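In structure tokens, one chain follows: the form predicted alone.
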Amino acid sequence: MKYVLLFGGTMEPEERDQNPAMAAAYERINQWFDEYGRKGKIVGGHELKGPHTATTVRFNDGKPMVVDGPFIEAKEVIGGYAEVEVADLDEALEIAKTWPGQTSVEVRPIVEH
């Protein structure tokens, strides 16, 4: 089964890069990706640029409208994701529990067509 792990955070990538205390945390994150990548569990994923770079397509009466920004009121934003291939939800959760990042990991199954 495939799941996506959505990594929540409160810091823009640019802010993180200017924060020397975050260097050690990101070293642990890189090690985490390396470890699960070598085990064949991570099959995709990327860090995302900050929410200020987002563009949203909203539908009003079926008509698309393009607007700048995510326009979701939240202090925490998705900063990146990993796609994992595992036996079941329990294994995905065990991997998520080892995440060395800051705030949260949302685990969701991927619908494969």
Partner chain sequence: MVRMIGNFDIAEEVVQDSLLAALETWPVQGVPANPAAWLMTTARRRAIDLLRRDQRYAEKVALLERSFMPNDPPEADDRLRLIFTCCHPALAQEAQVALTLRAVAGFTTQEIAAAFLISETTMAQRIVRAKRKIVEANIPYRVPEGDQLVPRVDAVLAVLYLMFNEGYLSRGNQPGMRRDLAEDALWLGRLLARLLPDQAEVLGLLVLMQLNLARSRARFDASGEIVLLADQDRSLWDQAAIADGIDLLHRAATMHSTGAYQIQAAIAAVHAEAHTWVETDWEQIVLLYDALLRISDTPVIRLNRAVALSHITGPQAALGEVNDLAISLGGYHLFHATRAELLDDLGEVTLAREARLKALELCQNPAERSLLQRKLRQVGG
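Residue numbers count along the first chain shown, from 1. Every value quoted in this text rests on a predicted model; they were computed, and no experiment measured them.
Beyond the structure shown, there is the form predicted together with its partner chain, which is absent from this document and is the topic of what follows.
Interface residue among 76, 68, 34, 88 relative to its partner chain in the model of the complex, by the heavy atom within 4.5 Å criterion: 88. Contact between residue 1 and its partner chain in the model of the complex is found at the 4.5 Å heavy atom cutoff.
Residue 22 falls outside the set of residues with a heavy atom inside 4.5 Å of its partner chain in the model of the complex. Residue contact with its partner chain in the model of the complex: residue 105 places no heavy atom within 4.5 Å of it.
Picking from 53-61, 37-45, 24-32, 80-88 the stretch near its partner chain in the model of the complex, with a 4.5 Å limit on heavy atoms, gives 80-88.
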